[in-house]
Structures are given as structure tokens and as C-alpha cells.
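Next up is one chain by itself, shown in C-alpha cells, the form predicted alone.
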Amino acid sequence: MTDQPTPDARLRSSGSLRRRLALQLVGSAAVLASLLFFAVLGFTRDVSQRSHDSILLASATSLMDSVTIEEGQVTLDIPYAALSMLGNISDDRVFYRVTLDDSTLTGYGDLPEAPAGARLEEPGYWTGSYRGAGLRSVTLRRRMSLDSGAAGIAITVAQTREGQQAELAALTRSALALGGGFFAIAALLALWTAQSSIRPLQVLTGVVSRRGPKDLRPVQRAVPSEMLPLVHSLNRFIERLRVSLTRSEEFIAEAAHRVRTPLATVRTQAEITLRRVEKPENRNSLREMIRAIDESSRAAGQLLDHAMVTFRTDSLERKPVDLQALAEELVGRLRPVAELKDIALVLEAGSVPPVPGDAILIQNALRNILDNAIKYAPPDSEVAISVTMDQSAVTIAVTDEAGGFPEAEKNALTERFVRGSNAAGTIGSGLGLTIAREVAEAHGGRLVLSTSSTGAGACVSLSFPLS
């Protein structure tokens, strides 16, 4: 029997709370990272476009400022700085066009003009394709007075977008790296938060699971306020369990006393009456009564023993038990009963180390095995008890001369209320070997049924581990 509780296969799990919390937090981090990515990407693209448009506008304004009127004619001296400022930011191609009333004065005649702004003085911007390349252009328009009258002049400056697109791609990668880094950090924080959130629950589980079988004190460890209802419910359950176990222990002890004592009294009175009765039919009736009392007494006693074993194994306390001394004491108590049937109890016990266990349970198991051996052994026979040790366990073996166990029934004899076919006519309840097996298993040991080395009887062995 281990100290750690084993999970009940019937319990259903709705999933891991830590995993559920971590997934929710990581999902939230993914959404926030996506929003951050698109927000940064949109902002950087807008800033890049505004910067590029500002340079285009500055170039067009420089050209417009170089326009003069001499002798009634429009003249344009294109300054070098007007177009070179565009070449400084990238290796894109630059185009320009100057028109006067829709007639091209200089530049690329097929270069499209940008749509007009809301007012004449406002620049117009256009994005499109020109000569197989993406283009971004700006057009400035002004009205000028000539000798022939007012005329409209338009200056368009354009630049291909390869450099801008490369810059936008770099900005996109930066935004993606920023979003990915934010997600990675947020995911790690989410996992840490999920683990930290359930840590109080894990601590509470450890506090409860590390308690001994008799430790039914209320839980007093500080917990988060959300867990207080759980701890209150647990403490109420522990209190109910403590009261129930106390009442059960008291009931078993009281029942054992109140059932065994009246039956023993009735049996004694029946035996006294049997000595006084002379009629054969009355004597036979009294003998049947005594037999029925013996059966009832043994069945009630073993049922109470089984209840006691079940109760104590549920809260097993392990203390060092000297099996040699225990066997010697029990043999001394049962020797008078064996001598009434002319059965000799022979104990062979060497020096063995103590084993961890419950002395009351082990004594109960050994007593049931010895009771069976004495009950089934023929008169003028011997019941041998040996206490031996190997590297890992101490074994108590009880060997009789009662003919042994039926081979086909051997595996079933340790089940409750199961008796062998050779037990007909013998008082018993079928619980003795069951009690012995449950005690051995509760201590991590085992019960072995076999035929004695001489073949004349049965050998029942109880093995208990040394640690």
C-alpha cells in the first residue's frame, strides 16, 4: 500500500486548467501581436509615403520656382538640385514634364499628370505604371500672366517605386520581427502566468496528499480568495470523515464485544444443559444448537475482524513489528486450544529484523491462518510455524497435515465466503484466508497457498517486505 493516492479511473477530466489558461493567454498574445504588426506596418508605410511625397513635392516646387517670364515668354532653368535630391534617396529613375496650357515645354511628353487637387495651388499625387515600372508622381499647377493672356503651367515630377518598395519590404520585415518578438515574450509570460496561477492549487494538493492516514486536521494553509470555498468544503468533508471514522471504530469494537460475549454465554449454558440431559433426541438437539452457536460466533467474529481489517488498512500506520515475538505470543495463546485436539504447535523462529506494519492486522491474519490449521488438522498431528528471512522480506509459514488444498480451487480460496470442497462438516465462514490476503497486500506483501514439502498437508505463507 503506497502513501500516494492513485487516480480513480472513473473520474473524468475536463482538460488541464493550466493548458486552458495558457492557450487563452497565448491566443490573446497572438491577437495583440497581430494588431501590433498591422498598426506598426500601417504607420511606417504612411510615414514612408509621406516622406517620399515630401521629397517629390520639394523637387517639383524647386522646378516651379525656377520658372520665369522673359519678354513675354516662359523660360525654365532646371536646377541640378531639383532632381538630384530624388537620386540621393534611391537608385530609382526620375522623370519630369513641364507643360504650358497642355503643351509640353520640356521633359517626357507622355508622362501622365496627377489629378488636380481641391484647389489650384494644392499639389496632386498619382500612383500608377509608366514604361513598365511602378510610378509615384506629383503635379504642381499655377496660373501665370503672359503678353497673350493668362496661361496655366504644370510641372510633374515622378520617380519609380523600386526603392520605395524595397524600403517598405524592409519596414514590413521589421514590423514582423517586432510583432514576432512581442508574441514570443507574451507567450512566455502567458505560460509563466498560467503556471503561477495554478501553483496555489498544486501547493494545496501537496499539503493534503502528504498527510498521514490519521491526520484529519482541517486545512489551515493560506490560499487565494477564489480557493477559499474549496478549502471550506474540504475542511467540512474532513470533519465529517473524522466523525464517521471515529463512530465506525467505536461501533466495530462495541459490536465485537456485544456479539461475542452473549454467544459465548449461550454456548456455555448449552454445554451445561447437555451434561444434564439424558434423552438422546434432546442431546442431539443441544449438540445442533451448540454447533449453530459456534458457526454464528465464528461468522460474526470473522465478519467483525474483516470490518476491522478493512477499516485499519484504509488508514494503515506503519511501525516496526517483531514477527518472531508476535508469532511466539500467538502460539502461546492458541496452544491450549490445539492441545484439546491433541495437535502440537511447533514454532521455528530465528532472529529476524522488524518489518514496518500494523501489529494488530498482522496478528489477526496469522491467527486466522493458525485457526484454520488447527481446525482442519487431524488429531495427533503437528502444525509447524516458521519465521524466516530472505534479502527483501520476512516470511511466516504455517504448515499442517490436513491433506492440503484442492488444486482446482486454490486460486479461489482467498475470495470472500469461498470454502473448499473438503471443508464440508467443518465450522467456518470462508473469511480467514481473505483477511490474511488483504492484510498481506495492505503491507505490500503477499499470501501464498501451496502444498507442504511432505505432501501431507497445506502450507500458507505470509510475506512482508523489509522496507
Partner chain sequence: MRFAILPTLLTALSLWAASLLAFEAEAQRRFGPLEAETVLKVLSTTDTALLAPLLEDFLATHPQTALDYYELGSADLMQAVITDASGFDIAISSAMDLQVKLANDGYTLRHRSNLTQAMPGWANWRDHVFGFSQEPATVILSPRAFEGLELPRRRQDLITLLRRHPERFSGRIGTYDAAASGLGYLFATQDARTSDGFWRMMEIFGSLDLRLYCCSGTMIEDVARGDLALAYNVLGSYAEARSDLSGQVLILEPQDYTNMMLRSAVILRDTAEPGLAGELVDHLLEAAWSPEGNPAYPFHRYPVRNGAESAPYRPIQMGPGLMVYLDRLKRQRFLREWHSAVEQD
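Residue numbers count along the first chain shown, from 1. Note that the structure is a prediction, hence the values are computed from the model and not measured.
The following text describes the form predicted together with the partner chain, which does not appear among the structures shown.
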Identify which of 390, 348, 77, 215 has a heavy atom within 4.5 Å of the partner chain in the model of the complex; exactly one of them does. 77
As a check of understanding, the residue in 193, 106, 285, 172 with any heavy atom within 4.5 Å of the partner chain in the model of the complex should be identified as 106
Look at the stretches 93-101, 203-211, 326-334, 368-376 and give the one with heavy atoms within 4.5 Å of the partner chain in the model of the complex. 93-101
With a cut-off of 4.5 Å between heavy atoms, is residue 70 one of the residues that contacts the partner chain in the model of the complex? yes
Residue 317: touches the partner chain in the model of the complex, heavy atom cutoff 4.5 angstroms: no
Residue 84: touches the partner chain in the model of the complex, heavy atom cutoff 4.5 angstroms: yes
Residue 271: heavy atom within 4.5 Å of the partner chain in the model of the complex? no
